[in-house]
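Below, in structure tokens: the form predicted on its own, a single chain.
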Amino acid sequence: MKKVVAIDGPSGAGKSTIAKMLARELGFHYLDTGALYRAVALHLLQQGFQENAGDEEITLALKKVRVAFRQGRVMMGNVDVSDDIRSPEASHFASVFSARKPVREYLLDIQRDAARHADIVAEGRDMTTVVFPGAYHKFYLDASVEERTRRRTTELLAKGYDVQEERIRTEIIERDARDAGRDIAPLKRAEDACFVDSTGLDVTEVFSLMLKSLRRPREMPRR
């Protein structure tokens, strides 16, 4: 396995943006694991699945689809679904279905395979604890609920979605509870992960903090 910089944290903490920036700076590949879960959720929704679907049904449905992350785009078979998976519905069901054992087992090897071929920056909910427990460097990136609500609301409004800030806040709180309370691979900070609170910080400040942490223990390669 190649070098892995693993980043965990709740929804809206800024993991994707920072992971992309670090990947560019270090000359690593970027792995958006959240996009993979969204793609799986989209497939299950298209097949008519709801939250109470059985594990056996989900397993059979996943055998009929091939999900991949290629050069920053999310593919479902030969179809690019990078834009489709960013809807509020896909986001909600990604959190719901990510708690299901067949989904996590389906994506585990797909995620790990990325690190067999290139140095990567991977972000998600269980990168530091389950998928890449031996990662070269680990981070836990967090922010207050209020900060994450503001970011998510701004993002969705910019994309043309009709959303209400209070509803977004409620969904974030509910998602945090699901992610931290699930039996399989719950969201938690790894003991050896560097904690970064991005509340009140802009992207450049967070990037600088994390890059400094990366270079403190050992020198990292640059492009």
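For every residue, the number given is its place in the sequence shown, counted from 1. Here the structure is a predicted model, which means the values were calculated and not measured.
As for the form predicted together with ligand DC, it is not shown, yet the points below apply to it.
None of 189-197, 26-34, 160-168, 42-50 except one has non-hydrogen atoms within 4.5 angstroms of ligand DC in the model of the complex; the exception is 26-34. Taking the partner from elsewhere, residue 151 is found to have every heavy atom lying beyond 4.5 Å of ligand DC in the model of the complex. In the model of the complex, residue 127 approaches ligand DC with a heavy atom inside 4.5 Å. In the model of the complex, no heavy atom of residue 112 sits within 4.5 Å of ligand DC. Although the partner is absent from this view, residue 137 stays clear of ligand DC in the model of the complex, with no non-hydrogen atom inside 4.5 angstroms.
Taking ligand DC as positioned in the model of the complex, the residues of 172-202 that bring a heavy atom within 4.5 Å of it are, in sequence order, 175, 179, 182.
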